[in-house]
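Only one chain comes next, encoded as structure tokens, the form predicted alone.
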Amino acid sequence: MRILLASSEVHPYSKTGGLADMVACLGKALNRLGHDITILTPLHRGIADAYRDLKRVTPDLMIPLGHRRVPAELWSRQVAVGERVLFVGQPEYFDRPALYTQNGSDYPDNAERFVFFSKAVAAVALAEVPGFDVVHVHDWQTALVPMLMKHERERAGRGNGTRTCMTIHNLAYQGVFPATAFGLTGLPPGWFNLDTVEFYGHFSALKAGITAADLITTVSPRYAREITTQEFGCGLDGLLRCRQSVLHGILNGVDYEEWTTSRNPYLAADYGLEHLEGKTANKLALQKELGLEIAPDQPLFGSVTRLVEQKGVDLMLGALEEMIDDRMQFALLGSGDPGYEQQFKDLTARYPGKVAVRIGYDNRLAHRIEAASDFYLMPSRFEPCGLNQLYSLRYGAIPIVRAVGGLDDSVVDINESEARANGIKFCEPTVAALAHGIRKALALHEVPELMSHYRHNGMSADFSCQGTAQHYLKLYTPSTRLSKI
């Protein structure tokens, strides 16, 4: 198959979260299964400087955008045989210090930026010879592509030779803009209606994709069910129920070549199931690096997260206030809401040697926290998939999670199966429930044989992207369908 993946961010070129990891991992896995892969993403600031092997593709595309025509440069990088990355360059839109926001607020022209990018994706998809079998787009930033392709084929009187697939990574982010932004798309004015893109009088890019894509996926089976309910549907549950026949949940996978505990340049020591002493060495190295008390026998809780309400950060703060006096340590890497950032800084000031916080994102430190931690806190209010709990399982950091979305699909509590237990779950989004989970972890830490059992289950589990890619290939093929879960 010839497959086009389109995303506003792709690791290692650009990243704000799990979207970048998933698209890169899926592209690599599909290519290794023998398919021709093109990944299309913006040429964000710094990429051209970091990757000098980019080659200019000529001629430029001219993208109609409202009353303007805006040039789109194309740059190509060959990653492997049969796998390339195409970058859409337009300095006015993408040569910026951050991908989506500045000083905590969205760029005011995000509608224009990502309508432009979506139109560039559609132009490449329609012009490529030989054509693509599948165009797979991700999240609201590219969700307009299926509708643009559908319109162009209808206008040109061509058949539907390319299937479109859209993955919803987080339904809470929908790309909702004033109705006037619809004029940028060039779609017929009559297409702005409740059955297509209108969302409470506004233009919703994500709704366009849900309406027009041949296939819709989310990043875990449970989340696929959750978003058809009023609680998790973010106002689109009715539409998703109508399209439930093409809605599938496929759990994200992990690139174990990067997330590995052996020969990992970010870690202080190698370790694995048969030699866990290296995990203790990583804990000692992190304690020294972050200024925590050097205490190999003290349970260390870690978290690498965006500091936003979705991630249950307020629950984490409340539970730590209640529990940190116990014999435990906590290390956090994250950024987000300035109020949450300050509260974690305050916690560090009040508990030096027990709490360490680093504001920002540092991929190397993320690996080191996972490797050093005994337990990993992930108390999300909702979580479409989550990747950090999957990293934690492989790194022997026992996850403590709320039983939602992909967390529920990947973590097994001892109450569900003693034989397969690999983590601790709680149900209610409350400080008390998370604090109870931490108490269970502290009790677990006192039973080395049980700790080893949990770690063995987690570290031997296979959440590789190869399995994810195989699920997608079944879905891409018109003659097959995944069974509903």
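In this text the structure is predicted, and so the values were computed from the model without any measurement. We number the residues from 1 along the sequence you see.
Beyond what is shown, the protein has a form predicted in complex with a small molecule; the following relates to that form.
Contact with the small molecule in the predicted complex, judged as any non-hydrogen atom within 4.5 angstroms, is confined among 379-387, 104-112, 319-327, 230-238 to 379-387.
Residue contact with the small molecule in the predicted complex: His169 places a heavy atom within 4.5 Å of it. At least one heavy atom of Arg306 is located within 4.5 Å of the small molecule in the predicted complex. A residue is said to contact a partner when one of its heavy atoms sits within 4.5 Å of a partner heavy atom; Thr217 fails this definition for the small molecule in the predicted complex, lying far away. Residue contact with the small molecule in the predicted complex: Lys150 places no heavy atom within 4.5 Å of it. Exactly one listed residue, out of Gln310, Gln298, Thr162, Ser76, brings a non-hydrogen atom to within 4.5 Å of the small molecule in the predicted complex: Gln310. For the options Ser410, Gln174, Asn252, Thr261, the one in contact with the small molecule in the predicted complex, meaning a heavy atom within 4.5 Å, is Asn252.
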